[in-house]
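Below sits a lone chain in structure tokens, taken as the form predicted on its own.
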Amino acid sequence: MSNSSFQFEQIGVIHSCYRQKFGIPRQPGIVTAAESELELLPPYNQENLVRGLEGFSHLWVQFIFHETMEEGWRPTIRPPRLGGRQRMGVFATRSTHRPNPVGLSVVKLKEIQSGNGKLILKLAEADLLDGTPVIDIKPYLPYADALPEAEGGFAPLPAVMAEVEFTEEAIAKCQAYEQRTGQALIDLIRQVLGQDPRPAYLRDTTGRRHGSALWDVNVVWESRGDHFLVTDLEPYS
């Protein structure tokens, strides 16, 4: 067996509401309020490369885990769905710490925009970090890619979403932000925090201050036992 090496060409880059790894949902489709763009880069920003793509509602996006690739891979992982207490083989998880740092996500295609030398795919429900390099896209085929009889292993069902509340000051800042930008920030915050982005070792803590960067704001929040409380919005750069 030959020991071949491969080199992939970056075809695009993601512009996303997720400005840092902390807070990104662990699967696509969980946060429906998330919006992002896939900007195709030259020479792949030609309209003939996406001809016919507008007829598909969803896409498979293959990308590089660029923020964790330097950390290397791990043979076993502690999945968050198991509370970080049990180890599973890396190939039984969707961990970022893989022998090849390649990710795969199914996303909703909202629109294809072309103009001023740019070709952009408007996406929804993605779990992709801002700046993520994209190496391929493929159309999602419902008859082949959706298998109702498939088994989900140790993660058979979606996690239960937690309640998210806001202080009066925080909700006022969120509403002002929505009026100024048109972004559905409140829904985005509820869905991002509702899936509990904390690492397993912090799951039992309460009152600890956390920050999640969404768009250009840092959402300040803390755990209150059975729910999360958003206390403030700060500028993020």
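All of these numbers come straight from a predicted model, not from anything done at the bench. Residues carry their position along the shown sequence, with the first being 1.
The following text describes the form predicted together with a small molecule, which does not appear among the structures shown.
Using a 4.5 angstroms limit between non-hydrogen atoms, residue 198 is distant from the small molecule in the predicted complex. Residue contact check for residue 171: none of its heavy atoms lie within 4.5 Å of the small molecule in the predicted complex. Among residues of the shown chain, residue 28 is one whose heavy atoms approach the small molecule to within 4.5 Å in the predicted complex. At least one heavy atom of residue 104 is located within 4.5 Å of the small molecule in the predicted complex. With the partner omitted here, the residue from 74, 108, 118, 94 that has a non-hydrogen atom within 4.5 angstroms of the small molecule in the predicted complex is 94. Partner proximity in the predicted complex, defined as non-hydrogen atoms within 4.5 angstroms of the small molecule, places exactly one of 201 to 209, 60 to 68, 39 to 47, 176 to 184 at the interface: 60 to 68.
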